[in-house]
Every structure is written in C-alpha cells, then in structure tokens.
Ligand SMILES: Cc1cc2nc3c(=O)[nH]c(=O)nc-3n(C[C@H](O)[C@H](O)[C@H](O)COP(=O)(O)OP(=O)(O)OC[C@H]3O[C@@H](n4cnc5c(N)ncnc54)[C@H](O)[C@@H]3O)c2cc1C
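Next up: just one chain, as structure tokens, the form predicted alone.
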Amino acid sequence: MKTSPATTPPETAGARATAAHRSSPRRVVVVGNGMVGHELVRRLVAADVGHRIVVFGDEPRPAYDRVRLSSYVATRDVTALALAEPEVYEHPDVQLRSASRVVAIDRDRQVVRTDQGADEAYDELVLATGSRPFVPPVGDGDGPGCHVYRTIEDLDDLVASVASGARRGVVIGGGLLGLEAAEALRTLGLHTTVVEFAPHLMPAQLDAPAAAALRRHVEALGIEVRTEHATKRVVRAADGRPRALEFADGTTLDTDVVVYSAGIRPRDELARDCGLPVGERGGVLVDRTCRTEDPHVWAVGEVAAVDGVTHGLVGPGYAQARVVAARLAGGDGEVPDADLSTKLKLLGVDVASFGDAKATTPAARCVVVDDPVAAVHQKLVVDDDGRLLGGILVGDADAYAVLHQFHLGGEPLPAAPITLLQPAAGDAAPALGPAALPDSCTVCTCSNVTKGEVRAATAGGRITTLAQLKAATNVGTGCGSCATLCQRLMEHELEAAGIEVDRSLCEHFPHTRQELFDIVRTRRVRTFAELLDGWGTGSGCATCKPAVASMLATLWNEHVLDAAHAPLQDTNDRYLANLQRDGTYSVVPRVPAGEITPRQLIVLGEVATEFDLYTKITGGQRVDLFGARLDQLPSIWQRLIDAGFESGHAYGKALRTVKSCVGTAWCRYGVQDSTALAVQLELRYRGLRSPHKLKSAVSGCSRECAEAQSKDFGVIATEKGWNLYVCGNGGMRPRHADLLAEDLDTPTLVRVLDRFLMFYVRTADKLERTSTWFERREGGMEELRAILLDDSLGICDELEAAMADHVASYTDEWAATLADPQKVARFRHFVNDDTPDPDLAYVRERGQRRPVFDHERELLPVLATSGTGRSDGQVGG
C-alpha cells in the first residue's frame, strides 16, 4: 500500500498546495529536527540552489547538540548546546516548524499531514525522525520515577523527580548513554548505580580488560556498577514511586529513581504506515544514496537503514545528510562505509574505540598496554603489513586522533605499535604527529574534511586560529573530538610554510606569556597599567589581567588586593577564598604537611560550628570549611589567625599543599623525616604564584604513602637522602612524575627545587601545568637536568636569588587584608548596604548543610541570613 491512511481527505488545502507549488521552486520537506536534520538543512542552504525548505520538529526548540546533552543537568543552559550555524533557520528559504509533528505521509499526492491537521506538499521528502529510547520489558517499569534519557524534556522530568526527595538512582544500561545518565544522577546528588545485563560496561565498544579499566574509574567516582544483572521488575512503594529493583536472580537494589538507557529503536512508523519497506531490525530501508524505494522520499540518521543497517552515532548520520543534500542539489555521491569510531570523555575518563577494536579480523594481532594501577588500558590491532585495523584507549586517549587517521587511511604505521603507546624510557616519542598523516586522511569525520582540505584552507596564512578554521571548513563543529588534531595540523602547516603562529597572550599583548614575564622581570614593571602602556593596547581582558596579576605576584610579591592589583584578580583571588555554586565561599587554612595541634583542630571545629560551615577533610591533608558568606570571611579569618593559621592559598594558582606521611617520627619503615621536610618545603614555597596550581608530597620511604610521584614535585626518601620527581599530576589526566635527581641531601634538594619552580613559572604558558609544560619541551628530562643541575644556561644563581626574594617577602594575605580597613570594606554583598545575600537556601544532608540545587529551590523557603554567626532560617531535614 502506497497511500496514506484514510484520514487524509480527498480534497484538502494540501492538494491545493500541491497544485500551487508545481510552478514554484522545488520544495523539500524535512521531517525531524535533530542533529542530522540540522546538518541536512545547513548543507542544503549552503548549496544555494533555491530550494524552499520546510522543517518539522517535535521538540519546542531548534536542533541542539544531543551528544553533549548531559551538560544540561548542571547548567540548565539550552543555549550552550547550540549547533553550528543556528542562524540557518533565519534564511528566507527555510521555515522551521517546531513543536509540530508529522503524523501521516500521502505519497501519491506528495503531502505530509501534521498533528494540527495541516498539510504540506513536497517535491522531495527527507525522513530524519531519529530514534526513541528502548525501554526493556520490566515489570511495573512504566510510571512515576522511571525515566528515559533522550531530550531536554526528559532531563527536566528527571530533575523534577529527583527534587521530590530521591536519594538513590539506578541506570539500567551500561553503554555510552548509560554512563552519561549515571553522571547526571551523580551531579544531582544521588547515590548512583549502573546495572548492565552484559558481563562488562560498554559491551559494544570495549573488550573485557578495557571495560575493567573503565569500571575502576567509574567506581572511584563513587558510582556502583553491577554487571550480569537482568532487571525483573520495579518494586513500588504505597505512593506508587519506585522503592527498589528486583533482579532475575531474586536479589534487590534500593532506589528512588530509575533511568532506562538500554539502546534505541528507529522511529520508522511514518514509513511503515505509508508502505515504505523497513529493515529486519527496524529503520527505513534506503540504498547508498539514502533514497527509499520511492524516488521522492529519502531517509537519514538513526531512522535510516542503509543496506539494512542502522547506526546510532552522529558521524554516519552526518555523512548521509551530506549525500542527500548533494543529490538534491543536482550532484551525486554515496555514503561510505560507516565509521563507528567513538571517542568521548565519560565521567571525566577518556574512552576511545575504533575500527576492529575486538580483533575479529583473521590473522589480526594485538599490542596491549595495561596498567591496572593507573586504570589505563590501550590496545592496537594490526595486520601482517603493519596497518592499523582498530584499537581501544581507556584512561589515556591522547593518541586517538592520529591513530584513528592511520586506521581510516589504511597506511602502515610509522613505527612499532608498542612504541606509539609507550615509548621506551629516555626515548623520544616516535613521529606520530600531523606531518605523518597523508593528505587523504579524513581529520573530521563528522564534516568529512581531509587533512588536504585543512592544508588548503590554511595555505598562505589566510587562517591562523581554530575559530577561523572551524568557520571555513566546519571541522570540530560536530562531535568536537577532532578539534585538538585540527589545531595542531593548522599550526604545523603554518610553521612549515614559514608563517608565524600567533601564540600571543591575547589581543591586548602581542607577546607570549614567557615574553611578557621576561619584560616584567627585566624592565621591573610593577603594575598592569605600566605594562599595558609600554607593551600592549586597549584596556585588557579576562585572559591577560589575571595572567599578568600572577606574574606581578610571582616577581614582586605585593598584596594582590592592593589598589593597583585588585581589579586584575579572578573572583577567588579577589576575595581570597573559593567561590562555591551558591555564591558563598570555602575557607582553607594552611596546615603544613597535614601536621596540626589538637588545639588547632578544636578551633576549626568551633569556627565551623559558630558559622555553621560544611566541613570536609581534603585529599591534601587540610580542612575545607564551606558556606561562608562574603561578609563573614574577615571574622572567620581573624578567628583562624588567632589560633595560628594562615591562608592556604586554595583560591589561587599557587602552591597548595605539600602532603606527607609520618616518616621516621612514627613509621617503622621510614628512612627519613618526611614530615619535617614537607613542613619546610610548604612554608618555603607558600604563596608562590604560578601559571597553574602546584601540589607536592614527601614520602618517608619507597612505600610512597604520600603519593609523591603524582605531584608537580615530589620527594621520596632513600637511605642516602632524597629522590626528586617533577612534572606529575593527578586529576583528569594523571601523569607519573619523572625522576630529576637521586640521593640529594636536604640543602641540595631545596636548591634544585628553587631552580625548578622558578624556571617553570618563568617559561610556562598561561594555565599550563608542569606536566604539559614538560611534555611540550623538546629536550625532555636530559635538557631539564642540564639546565637545573649542570647550569647549562647559566641562570641557576638568578633562579635561586628570585626564590630567595619570594621567601623573604612572603606575608599572609588574610592577615594583610585584615590590617587594612579599606580592603576589609570590600567584603560585603551589597556595595551600599551591609545586608547579607538574601538568596541563600540550604538543606541538611548527613548532619551538615549544603546549598539547594535550583530544582529544589522552589520547594523550599528562602534562608534567613541575618546576623554574622549561625544562620537561623535553615530548612530541610
């Protein structure tokens, strides 16, 4: 049957429209306004062949970036999900009809009907209806507290459900989207569990060892994982809300919210109803041109079954949109084999899978690097000719962009596979940069842009920034995973052509950070205004002001709230405390090496009690006091200073902590007094402003209880002295530090550290960690040893003198602020009124208060904030 249902009247406005449009420009109707539908419209407009384009979308807004949907939970900002060229819907040939659903297709009359009863005629019809979440057959699984995870409205419903008092949430499905949903629940403050039917997470993309590494990362975040669990039913409480999940093995799991993320199903009902063939597993059957058996009907994206196969990734959908747009503009082309590669950051963990990741190709061979301690798993699959068939990268996916291109291009790898993942100690990494790629490599699969096209775009220096490259070629405007590679490629091409790459600090200073640092140092510039007047233009910006403020503080150590410096500071530096999400601040006093007297502990407890501050022990052996209002900060500081504390600089890009074990003082394994050295180092380098925050640790023996090798600089005791490690970091991309020197005595160790820290703060880029600064240097550790130990540049005396000046000029910023009434006057919420911020509200959780989330705010009375001590109007139970 090729006609629409009998609900279509024989003579309608649609029929009249059909007759009327025959003499008009060709009319293209696009059903569906997701990411692929948007890409199709964008391509059609760019083709500029005069089509009239009508787009129908179910949702009440234009297409948005569904790949980054989870970010909406934290921000509630739909505009942040905007796709490339949102202005395309303002084009005079484009008409977007949001919140309008097409319910029927009359192929004989070439008309679609909407849920409002309107008819729209077409010359060409493109189905881009996407897919819907699959909800597994779970008993009592459809009702209050059970959600899917697909649209903005789905997330709004989920947030509202959590606001009703939920504390525990379960995600059914441990795939890509399931882990995204788990992160959303965690962000909403729920104890979260992921339930997966398969033996491991992400079964479609990862093998068991890679999934095990991912699981370690996920569980380290506090998210529980249960694999090989089949959900039988949702157990509901008397009020109808979920109380628990019951599994097929009879066990149960308490939960208040359930989120289904168990796959998708194509939305192909329109095609089925009008008689178009569908695939065996759903989806509208199309050929390699994306055309159905009806020559005027096409399908793209998750609803399209190309040769019978549907795909749930945006990349293949974009490729289909390009082909259809080209053909509707009179061109040709067919969709290539789908690239099912995946590269995402899930829960802060890099995860990439591409090609034959599970090595199913006959005679495929695998090279594997597996570090269960760091939870890093990397695997490359190669054939007999050294070509890369596929791979998996978990925990460290920096090499993905280039490896992926070698896979797509089918070129033999330029070096032994193991060296691409793990260069031998002391060896430079093999040449695996942009220069190694052939021009035919597709560097952006979403927009189908090759390296050759990027080279052509940058030829002659017409393009010098990533933003310009995106605008010219659309690279990085889809999933965004290629942006870093494309920037490196652009800079490489510019430098190869003898064109200087602009690495200026910002538009106001035509100098790098290192150049500006040298100017400030050698010309003895003391203020931002002086620097701007002599070496810059304009009035400065949010990039250069804090960067220059950091340089001035490093070199001259003047108080950051002095009149000349205060306007340059970021919010945290401006108020010498850490701004939290509700507008209050956290206060972190310095506790050198974690050593604290019982009396000081009592004072911290008294202050926290008096001001009702949420209290938490940090990973760096300090106590964090949350929830201080701006007007309360001076009073809190005074109490802490009276007890012998000072600012811990938790707010600044400065030295944070020198963590320590107890060493020989208490430990039976210790070989040196690690606590004493940690106290000495923390007091010596306190307040040192740097391009990025600095962390350190000292371990009293090789057991490494202080985890010194994950710090910017770390010290480990030996029988002969101290081993010094540098340029490590924890956080999102952990890096083990490298050994700089062995068996140093304490004075020598301090002298080398003085040199290292001063050399780093002078030569690093803005916001550059020691780890990335080190990796950027061409000479590696040998060069660093030559500079810092052998004085190859002849600057060691100068570096040591600079550090001596810093140590001699240190003052506690809290105490200096309290000593100046004009600085204290800054600490009030309203400029002309001492009234505290009235827009604060809290709930009690685990015996302490926390700020409400936005979705909870409307359910709660507003907190009364009068007085300077304990708040009286807290709510919640």
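From 1 onward, residues are counted along the sequence shown. Remember, predicted model here, so these are calculated numbers, not experimental data.
The same protein has a further form, the form predicted in complex with this ligand, not shown here; the description that follows concerns it.
Peer 1: Pop this ligand in from its pose in the predicted bound form with a site C-alpha superposition and tell me open or blocked, counting ligand atoms that come within 2.4 Å of any backbone or C-beta atom (3 or more means blocked).
Peer 2: Open, since after superposition no atom of the placed ligand lies within 2.4 Å of the backbone or C-beta atoms.
Peer 1: Note which of G409, G141, P209, G312 lies within 4.5 Å of this ligand in the predicted bound form, where distance is taken over heavy atoms; exactly one does.
Peer 2: Partner contact (heavy atom, 4.5 Å) among the options: G312.
Peer 1: Among M35, A841, V29, L44, which has any heavy atom within 4.5 Å of this ligand in the predicted bound form?
Peer 2: Exactly one residue meets the criterion: M35.
Peer 1: Would S696 count as touching this ligand in the predicted bound form under a 4.5 Å heavy atom rule?
Peer 2: Output for S696 is no: heavy atoms all beyond 4.5 Å of this ligand.
Peer 1: Taking this ligand as it sits in the predicted bound form, is G130 near enough to touch it, meaning that at least one heavy atom pair lies within 4.5 angstroms?
Peer 2: Answer yes; at least one heavy atom of G130 falls within 4.5 Å of this ligand in the predicted bound form.
Peer 1: Is there any non-hydrogen atom of E180 lying within 4.5 Å of this ligand in the predicted bound form?
Peer 2: It does: once this ligand is placed as it appears in the predicted bound form, E180 has a heavy atom within 4.5 Å of it.
Peer 1: I'd like to know whether G301 contacts this ligand in the predicted bound form, with contact meaning heavy atoms within 4.5 angstroms.
Peer 2: Although this ligand is absent here, G301 would touch it in the predicted bound form, with heavy atoms inside 4.5 Å.
Peer 1: Tell me which of 54 to 62, 818 to 826, 805 to 813, 842 to 850 has residues with heavy atoms within 4.5 angstroms of this ligand in the predicted bound form?
Peer 2: Stretch 54 to 62 is the one.
Peer 1: Residue by residue through 592 to 628, tell me which have a non-hydrogen atom within 4.5 angstroms of this ligand in the predicted bound form.
Peer 2: Going through 592 to 628 in order - heavy atoms within 4.5 Å of this ligand in the predicted bound form - there are no hits.
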